[in-house]
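Form predicted alone, single chain, as structure tokens, below.
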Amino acid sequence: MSEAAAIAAPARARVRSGAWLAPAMIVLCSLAAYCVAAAATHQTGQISVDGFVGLIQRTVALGIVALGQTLAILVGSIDLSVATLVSVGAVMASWMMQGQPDMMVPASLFVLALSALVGVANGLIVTQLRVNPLIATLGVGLVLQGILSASFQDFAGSVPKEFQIFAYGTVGPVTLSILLMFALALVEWLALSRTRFGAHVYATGGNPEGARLAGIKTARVVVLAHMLCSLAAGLTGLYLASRLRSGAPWVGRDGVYDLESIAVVVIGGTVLAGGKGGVWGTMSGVILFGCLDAIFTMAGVDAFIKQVLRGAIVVAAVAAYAYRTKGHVA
């Protein structure tokens, strides 16, 4: 076995053996609480196939962003520009399409290409200029938000009806967007657990110096992780443009996709220091947040109180995880 493989082997073993129990328990407890809340508030119609599909549907945007954020955090970095990039993707897609079906493909490709370039820029700033990823990605996000806000003050353009299939199309009772989210999760899980790229991601996040000495090009891994994270944000922008039928410069900011994506990744067991965690933990955190939102809505909780409660739950969950892992950095 090569030295690089030896460095990565423990991480791959963690993925394969991997913490299925904790994510499963989070999902089961979340859904149980959701059902209890629905019964207690006499909204038993929510406990149905349509109700559960609607519950998962509301998590799609956060879920796709969080899948990208998982990669950034696993390599020991982080991305605070995703919320702004979601807005950029939604606005540019609807502005370029202007309701014309023949512009769907060019606009979508442009958004994804732009997102990839932003991700590469983030990665290069972090790896080559040695800027702290929090500062680097926050700065890039502020630059993008400034340009976007100066250029657009309201909803920009519109998407054609054909593009709305992205958000509203169905296969049986399940929407295409839900299938896409779980397909992306499956692909990412396979990439992390079955490929050399995945081994390098865990090695880079877990022991960057050891990985570098073992021959892994850690800077390239970090840049690629940031590029994929930004692509996920751009794809989310396309989804929101499809769902809202247009894009506005505040959709990403109002969705708080930067902080919430980090929260669900950490709640799912991925360590902020990098090198430990995975896709299904992130998805369990996404479902937890979806259930909390649904429960608060059914209970008629005020929006400001809702934010306070969600913040308290995040802190409690991360504190419990840190205690369970005996103080390992979370």
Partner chain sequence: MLARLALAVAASILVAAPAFAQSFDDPKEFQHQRDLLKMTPEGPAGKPWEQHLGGGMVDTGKYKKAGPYKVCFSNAGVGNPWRVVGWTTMQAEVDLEKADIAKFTSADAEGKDDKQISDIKDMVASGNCDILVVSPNTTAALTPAVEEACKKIPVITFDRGTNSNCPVTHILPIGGYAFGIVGAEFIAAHVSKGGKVIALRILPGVDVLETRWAAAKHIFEEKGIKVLGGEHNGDFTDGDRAKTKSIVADYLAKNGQLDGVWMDAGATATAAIEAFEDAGMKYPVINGEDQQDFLQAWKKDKLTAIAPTYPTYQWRTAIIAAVKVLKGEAVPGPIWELPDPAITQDNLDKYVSDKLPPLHYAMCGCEGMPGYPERWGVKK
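Bear in mind the structure is a predicted one, so any value in this text is a computation, not a measurement. Residue numbers count along the first chain shown, from 1.
Form predicted in complex with its partner chain: not shown, discussed below.
A.B. asks: Does residue 92 reach its partner chain in the model of the complex, with heavy atoms at most 4.5 Å apart?
C.D. replies: Because a heavy atom of residue 92 falls inside 4.5 Å of its partner chain in the model of the complex, the answer is yes.
A.B. asks: Please determine whether residue 260 contacts its partner chain in the model of the complex, using a 4.5 Å cut-off between heavy atoms.
C.D. replies: Flag for residue 260 set to yes.
A.B. asks: Answer with yes or no whether residue 195 is in contact with its partner chain in the model of the complex, where contact means some heavy atom within 4.5 Å.
C.D. replies: No, residue 195 stays farther than 4.5 Å from its partner chain in the model of the complex.
A.B. asks: Does its partner chain come within 4.5 Å of any heavy atom of residue 166 in the model of the complex?
C.D. replies: So residue 166 does not count as contacting its partner chain.
A.B. asks: Where, among 196 to 204, 180 to 188, 152 to 160, 100 to 108, do residues come within 4.5 Å of its partner chain in the model of the complex by heavy atom distance?
C.D. replies: Residues of 152 to 160 come within 4.5 Å of the partner.
A.B. asks: Can you work out which of 114, 176, 224, 214 has a heavy atom no more than 4.5 Å from its partner chain in the model of the complex?
C.D. replies: The residue in contact is 114.
A.B. asks: Select from 115 to 137 the residues with a non-hydrogen atom within 4.5 Å of its partner chain in the model of the complex and write them out in sequence order.
C.D. replies: Read in sequence order, the residues that approach its partner chain (within 4.5 Å, in the model of the complex) are 117, 121, 124, 125, 128, 129.
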